[in-house]
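The data below hold one chain only, encoded as structure tokens and taken in the form predicted alone.
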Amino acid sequence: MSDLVNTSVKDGILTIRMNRADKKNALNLEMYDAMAAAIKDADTNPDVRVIVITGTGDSFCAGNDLKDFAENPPTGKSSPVMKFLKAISTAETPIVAAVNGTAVGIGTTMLLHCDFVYVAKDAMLSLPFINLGLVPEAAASLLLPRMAGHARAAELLMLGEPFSAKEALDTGIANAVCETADLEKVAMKTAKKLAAKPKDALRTTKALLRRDFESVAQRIDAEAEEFKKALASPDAKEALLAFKEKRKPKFN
């Protein structure tokens, strides 16, 4: 397991904590691998009944580590990014997210695959793919319209502007907005309630609620193909270069 992802099991709850506070928990390949393995292992571990995902410091997850991502773009289903997306989207174990701060890109789209999402009051979320010359991932183009409606999903995905914890609640991404100091306590309270439920019935209920997972898997694959094309586009290359040079991108 990576030092950048901490895991612990207590009272039937597996806590997965992104531990790269100096980079606002931006995900690199090592972290994707570790999180995918932890989620996958939870499904076969008799001691785990619930998963809680959270971050360290003032951020939940600032998206992809763009330097790492540019040097190691996802090229197929065996890439760490795709393994993580498959793991979180097909997990049998209920997942609770405690969004303790900034959530960007994958930091927001992973929430669409969680069963309960609690967001700190001062957290800001964003889906800035369009601003990088890229397209949505993690089946966001399928799941977000279902949760928020087409108009709101178009606003979030086509403008790519930050939105508040309250807006995340209003769009159906979050279950509740919490005071930052109370966030983990609230998330753990729900996790403990879930851990006390009959395990088989709980997992079956989750599976029934997500019965259309095959269309989600298909959308993840379709987005990945378009994402790969977009990543090689002049606009995406300009966006990544501009990020590296700390300037505003100039799109054609």
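The first residue of the shown sequence is 1; numbering continues from there. Only a predicted model underlies this, so the values are computations on that prediction, with no experimental measurement involved.
This protein has a second form, the form predicted in complex with a small molecule, left out of what is shown; the following refers to that one.
Residues within 4.5 angstroms of the small molecule in the predicted bound form, judged by any non-hydrogen atom, belong to 97-105 and to none of the other stretches in 178-186, 143-151, 80-88, 97-105. In the predicted bound form, the small molecule sits within 4.5 Å of a heavy atom of L132. Though the partner is left out of this view, P128 does reach within 4.5 Å of the small molecule in the predicted bound form, counting heavy atoms only. Taking non-hydrogen atoms only, A196 never approaches the small molecule to within 4.5 angstroms in the predicted bound form. The closest non-hydrogen atom of T54 lies beyond 4.5 Å of the small molecule in the predicted bound form. Only one of A37, L202, A62, L29 comes within 4.5 Å of the small molecule in the predicted bound form through a heavy atom, and that residue is A62. Site residues K24, F69 and K246 are all in contact with the small molecule in the predicted bound form, judged by any heavy atom within 4.5 Å.
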